[in-house]
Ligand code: SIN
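A lone chain, given as structure tokens: the form predicted alone.
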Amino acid sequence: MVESLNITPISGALGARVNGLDLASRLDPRITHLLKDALLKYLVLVFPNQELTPKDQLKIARKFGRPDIYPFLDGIDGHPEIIEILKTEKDKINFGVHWHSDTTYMARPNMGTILYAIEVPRYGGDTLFANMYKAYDSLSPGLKSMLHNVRGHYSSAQKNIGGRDAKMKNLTGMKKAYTETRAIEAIHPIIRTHPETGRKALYVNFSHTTHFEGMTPEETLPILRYLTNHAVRPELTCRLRWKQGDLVIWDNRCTQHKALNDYQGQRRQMHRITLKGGRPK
């Protein structure tokens, strides 16, 4: 069914561009169904050359799921579900610099994320994505057996990467400092089964996984470091070069992503919507 859309894969691992579709116009229910199938197949979908108002962005988000309220940042005026991610010419740090899946520290992590490019730098500011199905599939049988039924502890205040960056409150557009909000924590299986495809995916990341159940953080760290490095090997990833007007949606249940901070002295402005999810199993 997916083949009837004009889709161009970005890499062999994951990601595809959906060409020639105007998301601001009314989408036929059949097209919406095809797009959902495409997201399950490619994990990351890019829709180029879009001109979208905040209302349009929310309308699109509701085609894929239920928009959520991000716990740490205030939404834009009139649309609490949409947060602005803005790095100006003067800012030195960026949002999402470490590999992660969004909100794994929540009891019901977001099932997907939508990012719309309003302003992009002349160069740099790419986003990397990794396929967590392939990360799991490429583990050895012995390691898969060892990790079976292991649960991980996840926190929004993970200390492996220095905790929540106190400097984040100085990043333009960040209206609520991470350090002003109490940490959110949850426990999930480190190998999760996708609720729609039934496939297993590695579900650990260095940004939010603190330790494995029944183990200390010090005991967990060498295994966690191996798994997180393994998961982002180049052959398991794709690299997205943003263009103004790109709208991107990814399946947060089976991917990780990382925003590159290689565009100092330039602006990058995005709108982000996260979609409500269920409990990982």
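Numbering starts at 1 and runs along the sequence shown. None of these values were measured; they are calculated from a predicted model.
There is another form of the same protein, the form predicted together with ligand SIN; it is not shown, and what comes next is about it.
Chemist: I'd like to know whether Ile85 contacts ligand SIN in the predicted complex, with contact meaning heavy atoms within 4.5 angstroms.
Modeler: Close contact exists here: in the predicted complex, Ile85 approaches ligand SIN to within 4.5 Å, heavy atoms only.
Chemist: Can you work out whether Leu14 and ligand SIN are in contact in the predicted complex, taking contact to mean some heavy atom pair no more than 4.5 Å apart?
Modeler: No, no contact at 4.5 Å.
Chemist: For Leu115, is any heavy atom within 4.5 Å of ligand SIN in the predicted complex, or not?
Modeler: Yes - in the predicted complex, heavy atoms of Leu115 and ligand SIN come within 4.5 Å of each other.
Chemist: How about Phe95 - does it come within 4.5 Å of ligand SIN in the predicted complex, if we only consider non-hydrogen atoms?
Modeler: Yes.
Chemist: Kindly confirm or deny that Lys36, Tyr42 and Asp251 each have some heavy atom within 4.5 angstroms of ligand SIN in the predicted complex.
Modeler: No residue of the spot touches ligand SIN in the predicted complex.
Chemist: Which is the contacting stretch out of 73 to 81, 96 to 104, 148 to 156, 184 to 192, given heavy atoms within 4.5 Å of ligand SIN in the predicted complex?
Modeler: Stretch with heavy atoms near the partner: 96 to 104.
Chemist: Given a 4.5 Å distance limit between heavy atoms, list every residue of 229 to 249 close to ligand SIN in the predicted complex, or none if there are none.
Modeler: Heavy-atom contacts to ligand SIN in the predicted complex: only Trp242.
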